[in-house]
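As structure tokens, one chain now follows by itself in the form predicted alone.
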């Protein structure tokens, strides 16, 4: 049984993390972002609170996973109007919670939902927002956030001048960790006169037929860059991935060229991967990409340029045309 608490009685000054629960499914990124935030909360002597907006308590299928999380408390806002993502209503609910609980910080995973809500909430509260944070630490009682900037060629360290501190945290940048104690579960009660109306009306929901990627947890990743020259050659990486039981990743330029969906982008503005084996075809190795895969256990680089950054950091480098080597590798494996 959850403890019920009125919104005006919420404890103040803590660290809030938005928990993404959509269509009865918990997004694991909600648990990922707790890992760095727990350290931040402890350094600041604050509680870490995981916050969910859901349509019904009966919808929760991942309660045992949530109970193992690093959060000190888990707050639920429950209303039937929250079962579908309605940006304007979600924004108003979150803004009201912030105004009542006056948190030190509010953080979102950099998912599509997180990146949609975070700027709306920041705008409603008239505070700053740091996007795609991949490192946090506390110094002099302030949260210092690191993120890519200037074309993602350098990493900037930022301190928020507004309160609460707000940021989206890059996907896959942190591993999920579990707590030693079960967090307290609380249901937040809004006043009776609160309006749950939204300007958005959900007429129908059609699930995407596109297979979701598992890049952040893949054991083997085969990735391609502009050295593959065209979309047709890039698509052959999917053949290789099927044979190897791997996931396909990509650099930012090829995603922007439309060779593959942006969900497969590896880097500071995409997904961070830590596979046992990473194979990069035709990737020079710009900082934007390499910080998203540098912790791979074994790196293989295929490139014509022996001085390319990815070649220099690789455990094994094949110097040659990535297109031809990919063709030969597929031919050998198929035979």
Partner chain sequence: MEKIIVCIKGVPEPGSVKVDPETHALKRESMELILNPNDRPALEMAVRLKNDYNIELVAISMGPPNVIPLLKHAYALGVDQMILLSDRAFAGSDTLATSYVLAEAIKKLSPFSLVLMGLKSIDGETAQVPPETASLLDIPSLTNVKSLFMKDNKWIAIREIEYGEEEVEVEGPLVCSVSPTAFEYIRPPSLKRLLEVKNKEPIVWQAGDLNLDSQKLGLKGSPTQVVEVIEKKIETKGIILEGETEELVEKLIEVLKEKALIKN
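Here the rigid core means the biggest group of C-alpha atoms that line up within 1.5 Å when the two forms are laid on top of each other. Please read all numbers here as calculations on a predicted model, not as lab measurements. Positions refer to the first chain, counted from 1.
Unshown form predicted together with the partner chain; subsequent notes refer to it.
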For this session: Report the stretch among 185-193, 231-239, 114-122, 97-105 that approaches the partner chain in the predicted complex to within 4.5 Å, counting heavy atoms only.
Result: 114-122
Problem set entry | Heavy atom distance at most 4.5 Å to the partner chain in the predicted complex, all of 161, 199 and 269 | yes
For this session: Just give me the single entry in 77, 248, 131, 218 that has a non-hydrogen atom within 4.5 angstroms of the partner chain in the predicted complex.
Result: 131
Problem set entry | Single option in 81, 257, 73, 87 placed near the partner chain in the predicted complex, where near means a heavy atom within 4.5 Å | 87
Exercise. Wondering, does residue 300 line up within 4.5 Å of the partner chain in the predicted complex on heavy atoms?
Worked result: yes
Exercise. Would residue 314 count as touching the partner chain in the predicted complex under a 4.5 Å heavy atom rule?
Worked result: yes
Exercise. Would residue 294 count as a contact of the partner chain in the predicted complex, using a 4.5 angstroms cut-off between non-hydrogen atoms?
Worked result: yes
Exercise. Would residue 126 sit within 4.5 Å of the partner chain in the predicted complex, counting heavy atoms only?
Worked result: yes
Exercise. Out of 264-283, which residues reach within 4.5 Å of the partner chain in the predicted complex, heavy atoms considered?
Worked result: 269, 277, 279
Exercise. Has the Cα of residue 143 moved 2 Å or more between this form and the one not shown, judged after a core fit?
Worked result: no
Exercise. Does superposing the core leave residue 315 with a CA shift of 2 Å or more between this form and the one not shown?
Worked result: yes
For this session: Establish whether a shift of 2 Å or more occurs at the C-alpha of residue 258 between this form and the one not shown, with the two forms superposed on the rigid core.
Result: yes
